[in-house]
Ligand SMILES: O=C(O)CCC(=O)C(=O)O
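One chain comes next, on its own, written out as structure tokens in the form predicted on its own.
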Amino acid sequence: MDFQGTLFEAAPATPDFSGLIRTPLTRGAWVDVCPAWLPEADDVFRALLDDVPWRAEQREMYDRVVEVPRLVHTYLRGEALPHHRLVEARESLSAHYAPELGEPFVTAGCCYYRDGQDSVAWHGDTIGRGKIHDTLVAIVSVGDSRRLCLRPRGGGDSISVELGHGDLVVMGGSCQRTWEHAVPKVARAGPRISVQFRPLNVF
């Protein structure tokens, strides 16, 4: 594992939204970014690395089956999360975004990017209610920095967000329907884990 944790804890004792910056996108979409949002990010990273039952997935591509370039696991509604700071994060997100979301975040999808060759292709979370309704997906990133790219469906200018250790990004409004996002491959990167908090029936 090629990742050096923080020497001093940069995040506050509890999740704090005071540093959050919202960027409006087109067609009713927006993205919020809050650096160093997650407390005890080093401990959370180690717990995710050691305690999540990671699995590899495969998918059909043209005439062959290929490995999905990352490891995954999803904690469904009511399942215990591997660190108490993730429970606090989910509760804080649910409270902060209640006026816009109108319901709590209940699932936590985890992706483990082992190195720079692990990635996720362009997509939107449009299985379930996200296909026809505005919704929110909140991502907490721990480990090495990676770039999250966003582009409008059908063409247009793209943007990117560099997600560091303990950072938060929230995609909201019509973002899942009218924009796509991706984590591209890079020449070199250490391990990074993302936790995607979603409301019920958004995938």
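Counting begins at 1, following the sequence as shown. Remember, it's a predicted structure, so these values are computed and weren't measured experimentally.
Just so you know, the form predicted together with this ligand exists too; it's not on screen, but the next bit is about it.
This ligand is not drawn, but in the model of the complex it has a heavy atom within 4.5 Å of C111.
Remark: D125 counts among the residues lining this ligand in the model of the complex, judged by a heavy atom distance of 4.5 Å or less.
At the 4.5 Å threshold, heavy atoms of R177 stay clear of this ligand in the model of the complex, well away from it. At a distance threshold of 4.5 angstroms between non-hydrogen atoms, V33 is out of contact with this ligand in the model of the complex. Though this ligand is absent from this view, in the model of the complex it lies within 4.5 Å of a heavy atom of just one residue from A47, I139, A29, L150, which is I139.
Within 4.5 angstroms of this ligand in the model of the complex, the stretch 166 to 203 places a non-hydrogen atom from each of H181, V183, R192, S194, Q196, R198, taken in sequence order.
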